[in-house]
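Next comes just one chain, in structure tokens: the form predicted alone.
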């Protein structure tokens, strides 16, 4: 999947879905507690979900029964479009979430009758597809440092942190490792290295600040940063 985002209010600029007034949206925004599921893999696809706030993770169950995280999504993401009759992923809240659950039939009706809505929805799908394709490239060719740099920049941007800004990092290290194809120990070691080199700071385990975004961007673009060995005092 991908790291998905992009405010849903970009779709239709005040459309029924964006404002939570969509007929059949079950009285607008609904809360979902941390660790609760929006839907499970294999469930009948009855609704499309719009994340208004918070973060979710998307996962698939492998043939050996293990879970593989295939994406994270925050405010603005449209979930449930990637399948036809049944959800192909499970979707679990990793923070408190507010979301809209919109019947599939309602989405179909709006797409048929509102050309702008259909166009904007297609744009959102395109953004999420592009993120998925970037993720495939990341897993295939980047080093551990490059993967982590790309991930941190993506999350910072989705949180609106900007250059040098602080942002919440709501997912666990294990979730990050599953998504990036890295061991938990590698994630923890590289995060510590990034801090020692002064590239990031971590006021807490779930909060991060990019101190040298320029270096992280160079890494994310495929560059290799020459650094001297880290010495501990």
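In this text, all values refer to a predicted model and were calculated from it rather than measured experimentally. Positions refer to the first chain, counted from 1.
Separately, the form predicted in complex with the DNA exists; it is not shown, and the next lines address it.
In the predicted bound form, no residue of the candidate spot (156, 165 and 212) has a heavy atom lying within 4.5 Å of the DNA.
Not displayed here, the DNA is approached by residue 205 to within 4.5 Å at the level of heavy atoms in the predicted bound form. Although the partner is absent from this view, residue 53 stays clear of the DNA in the predicted bound form, with no non-hydrogen atom inside 4.5 angstroms. Among heavy atoms of residue 188, some come within 4.5 Å of the DNA in the predicted bound form.
Proximity of residue 32 to the DNA in the predicted bound form falls outside the 4.5 Å heavy atom cutoff. Here is the short version: of 200, 182, 58, 38, the single residue with a heavy atom within 4.5 Å of the DNA in the predicted bound form is 182. Among 88, 129, 118, 144, the residue placing a heavy atom within 4.5 Å of the DNA in the predicted bound form is 144.
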